[in-house]
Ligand SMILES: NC(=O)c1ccc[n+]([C@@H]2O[C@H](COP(=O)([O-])OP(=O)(O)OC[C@H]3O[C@@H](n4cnc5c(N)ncnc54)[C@H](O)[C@@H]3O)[C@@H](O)[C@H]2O)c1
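One chain comes next, on its own, written as structure tokens: the form predicted on its own.
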């Protein structure tokens, strides 16, 4: 018999209320959880409620909820870790620095019960390394959302070397209550699943720019209008099945040796970082932006996420199989 959760009676904690942390709070709120949020940084504490309120309004616009009022009432924001005491799950979303995370874990474990599951939203630090900084590592794992957390169906759960599978399975089942289609990575590999795949793509695309093969505009078009037209429905392996498989043996033998194996950061990226470029956040990135154009892309992304959320739900694996039965 599958485990059932009464999310309305299950407080979940979130520590760190920057862009990603507040987005996760919104995702948990619309799933029905009371959320106890800790803002370790004073600036985040000042702006967090307004930011989360704006995210909930986006959920209303997207048709995910009818009104934000009841959900905002389930949110507690504090700088005091004591607010986490009743939580059965706590998700850490602070800056990607081990020493800071270590301090946060000590503060979390000093107030929660020993049966509380602690997750980290890290996308860069191995789970097995972070487990060394926590008193009950068997209950520690990666719970990695994609931005915006309240709109995307993605969730990546990663076990460290000391994670007991029981707790990973518990989060995996709970994630379905959050409207996610979660992945469960039982082996802690660098980059986890999604980042590992994306960084392989980043390396190849920079390689093609730097050797003059194609412009960034054409590379982006190729990705948007080929892979972008089928990925949400199929994923990679089902796409290969759809294509028929018979030519892949010859194709892979031919193409794999030609791909980049570069181990250094591309010169283009090093220069941009040194210049303080932050993409659409300061209108300075891989593309040129007119003043305020970055905000337009942010707004377009919000509208796109609304559309893709509903499209992905209509064509989920479960729905496709149901359509075959009917």
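Numbering follows the first chain given and starts at 1. Remember, predicted model here, so these are calculated numbers, not experimental data.
The same protein also exists as the form predicted together with this ligand; that form is not shown, yet it is the one meant from here on.
- Considering this ligand in the predicted complex, the lone stretch of 287-295, 61-69, 260-268, 38-46 in range is 38-46 [heavy atom distance within 4.5 Å].
- Only one of 82, 220, 135, 96 comes within 4.5 Å of this ligand in the predicted complex through a heavy atom, and that residue is 96.
- Contact with this ligand in the predicted complex holds for all three of 16, 19 and 145, each having a heavy atom within 4.5 Å.
- Of the heavy atoms in residue 57, none are within 4.5 Å of this ligand in the predicted complex.
- Contact check for residue 139: no non-hydrogen atom falls within 4.5 Å of this ligand in the predicted complex.
- This ligand in the predicted complex comes within 4.5 Å of a heavy atom belonging to residue 122.
- When contacts are judged by a 4.5 Å heavy atom cut-off, residue 100 counts as touching this ligand in the predicted complex.
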